[in-house]
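Just one chain is shown here, as structure tokens, and it is the form predicted alone.
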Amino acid sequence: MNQLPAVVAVLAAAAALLGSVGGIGGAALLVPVLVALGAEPTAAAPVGLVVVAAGSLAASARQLDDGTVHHRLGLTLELAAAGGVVAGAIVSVDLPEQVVAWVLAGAAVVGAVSALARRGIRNQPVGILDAEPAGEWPGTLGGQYRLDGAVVPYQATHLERGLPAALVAGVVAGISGVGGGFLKTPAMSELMRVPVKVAAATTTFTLGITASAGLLVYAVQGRVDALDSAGALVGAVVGGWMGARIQSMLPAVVIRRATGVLLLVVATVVVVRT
């Protein structure tokens, strides 16, 4: 790429911050920006996955403390996503840039519509649980999280819908280097009826696995540039750390709307570039 490492670091920090807040992964914003600035998609994709992995690592500690990460649900979906990202990364070098761009833009629009269409809060607080700590219920796909000082229980449903969505997210991530969070978070929230705060935090937590699987393939293909990756890594750690703290303070409705707006921005940038 033609960008200086310092420029990549600043862009990565901003992208990781916004991506951690919305649970979409910073690469969904960074990769289109890098391509718009003149980078080749094949060069921008590995940098994007570095940002995803680093942002996930930086944000996870705070989200784990908040009890908004559901390990069982996240790792179940990750089985499908990791397989998809490997397949997508293998075929990515043979796909035309326009195909990659339209796949990315279309997926972003679908995610944005899903996030913005719904109104209100689906899961309501249950007063009897207010003294209980937030977290997942062991051995289940349910749990509880804190919302405005109250405890809200939830139960993930329709796993048969979530797994194919995670597979598609993985394939898109491998092809374009965007991590797939912009698909996984809306899929968890809208298809599996998981509260958006839990969906965003769980997605951010597991995106590191998705990104690592894709980066292994990119490394074998000789597409990982050490200098660009180093700048992206530093910026993403800072941005992910800050984004996780901002996310914990925002209402669920604000997070959902912010996610939808960010996805529309991604789609617009990609379409304009194409």
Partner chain sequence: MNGDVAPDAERGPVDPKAGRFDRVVTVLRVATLLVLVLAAVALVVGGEVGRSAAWVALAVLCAVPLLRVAWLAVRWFRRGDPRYGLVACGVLAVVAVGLTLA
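Numbering follows the first chain given and starts at 1. Note that this is a predicted model, so its numbers are computed, not measured. Rigid core: the largest C-alpha set superposing within 1.5 Å between the two forms.
Here the subject shifts to the form predicted together with the partner chain, a form of this protein not shown in this document.
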{"property": "Complete contact of I90, V224 and V234 with the partner chain in the predicted complex (any heavy atom, 4.5 Å)", "result": "yes"}
{"property": "Contact segment among 95-103, 168-176, 70-78, 187-195, judged by heavy atoms lying within 4.5 Å of the partner chain in the predicted complex", "result": "70-78"}
{"property": "Contact assignment for the partner chain in the predicted complex, among A230, A43, I246, A36, heavy atom within 4.5 Å", "result": "A230"}
{"property": "Interface membership of V272, the partner chain in the predicted complex, 4.5 Å heavy atom rule", "result": "no"}
{"property": "In the predicted complex, A82 touching the partner chain (heavy atom, 4.5 Å)", "result": "yes"}
{"property": "Contact test in the predicted complex: G135 vs the partner chain, heavy atoms, 4.5 Å", "result": "yes"}
{"property": "Distance check, L163 to the partner chain in the predicted complex, heavy atom within 4.5 Å", "result": "no"}
{"property": "Core fit, then L215 C-alpha moves 2 Å or more between the shown form and the other one", "result": "no"}
{"property": "Exceeds or equals 2 Å, Cα of E160 between the shown form and the other one, core fit", "result": "no"}
{"property": "P46 C-alpha shift between the shown form and the other one of 2 Å or more, rigid core reference", "result": "no"}
